[in-house]
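In structure tokens, the next block holds one chain alone, the form predicted on its own.
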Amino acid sequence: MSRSPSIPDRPHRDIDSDLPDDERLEALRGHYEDLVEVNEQLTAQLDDAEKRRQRLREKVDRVERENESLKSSSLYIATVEDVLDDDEVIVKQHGNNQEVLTEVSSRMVDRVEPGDRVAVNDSFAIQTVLNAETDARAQSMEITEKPGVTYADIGGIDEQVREVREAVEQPLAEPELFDEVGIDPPSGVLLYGPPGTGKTMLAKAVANETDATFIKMAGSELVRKFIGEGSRLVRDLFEMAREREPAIIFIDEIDAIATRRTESKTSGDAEVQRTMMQLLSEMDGFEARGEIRIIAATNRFDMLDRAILRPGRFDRLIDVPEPDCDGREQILEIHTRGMSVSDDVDFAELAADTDGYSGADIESLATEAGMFAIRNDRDTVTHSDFAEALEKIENDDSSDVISSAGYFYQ
């Protein structure tokens, strides 16, 4: 325990009245300086004492709150099963599934409805109504800042962009068109094709262009360790989408949970299938989905279970292939928009030389060409830089270009 600092002595000075005026004035000036110094010391000690008092007050308040918490009874989480007359409700306590008939106070009777999560005491009396249970991991999947990708950044798949906009954006922006024709808009879009062809970029562009809530998740994030955890996360995701509709749910690498079902008896496979069953139930269950659209992407279309591909779940299956020659030229122009490119660069020739390249491969080619220009102390990228970059990529065994047919069926 720290001790309080000692109080400085009060300065005293006897001044002879017979001293000359100038000497007496000098003595008074010295005495005044001593008083100012002592005053400053006392002020500093007073400030320190005030800070210690504030810290002790905060500690006392904290101890008092802890003491009150220790004296109060614990509360338990329960679910309201039914609301009866005479201010009585049936609650089921979590953990032991015990159903109890209890009374509810008049101040809370109008706030309690079947399905509410409530806190009860040892006597099962309802103390407060809790917020709806939503997994925090589901809330973190909502995209709050729009990606910087637009449709102008995507090349070589103009037809696929048009189909996605018709199936996802148009039903949210112009629902009256579908009402006039008398049809329901497509409920889901599945993008499939080899890696690097622009499936995820297309989803980012949708997130940028639409005003709907955009929720992104990877299929692997739904594969959980404990039984029922993955299906619960899927349920919470769709519940969050319903609360924030209009909404778009994007499931990347959906093959992680929607693979073809087998006779495997392992607990891991059973949990993956249980998660997929919950996803299928949410996609076409009894409850109306409302203004919620689903986009999914996969590189392994051949592995998907047929149940998830039927109409009503994914009404549009959009193949996103490798770009043709014109598409590769368009992608080259997109990825070199911000580059300082020499006039001798022939994009048509480069597009012809990159047969079998995906959009991601072409972006890597443009980056590599820029690196060659930097290596040669130039700020302009020439056609020879692209040629050297192309030769380097083709000689690199780790970046072999695999066609879509070879990717799926090798």
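What we label the rigid core is the largest C-alpha set whose atoms superpose within 1.5 Å from one form to the other. Note that the structure is a prediction, hence the values are computed from the model and not measured. For every residue, the number given is its place in the sequence shown, counted from 1.
Omitted here: the form predicted together with a small molecule. The next part is about that form.
T197 belongs to the set of residues with a heavy atom inside 4.5 Å of the small molecule in the predicted bound form.
Using a 4.5 Å cutoff between non-hydrogen atoms, I157 counts as a contact of the small molecule in the predicted bound form. Taking non-hydrogen atoms only, D252 approaches the small molecule to within 4.5 angstroms in the predicted bound form. With a 4.5 Å cutoff on heavy atoms, V164 does not count as touching the small molecule in the predicted bound form; it lies far away. The three residues S187, M283 and D319 each lack any heavy atom within 4.5 Å of the small molecule in the predicted bound form. Heavy atoms within 4.5 Å of the small molecule in the predicted bound form are found in exactly one of 198-206, 273-281, 122-130, 81-89, that being 198-206.
Taking a 4.5 Å heavy atom cutoff to the small molecule in the predicted bound form, the contact residue among A360, A352, A49, L42 is A360. Between the options V234, I331, I248, I257, the residue in contact with the small molecule in the predicted bound form by a heavy atom within 4.5 angstroms is I331.
Comparing the forms between the shown form and the other one, the C-alpha position of F214 differs by 2 angstroms or more, with the core used for superposition.
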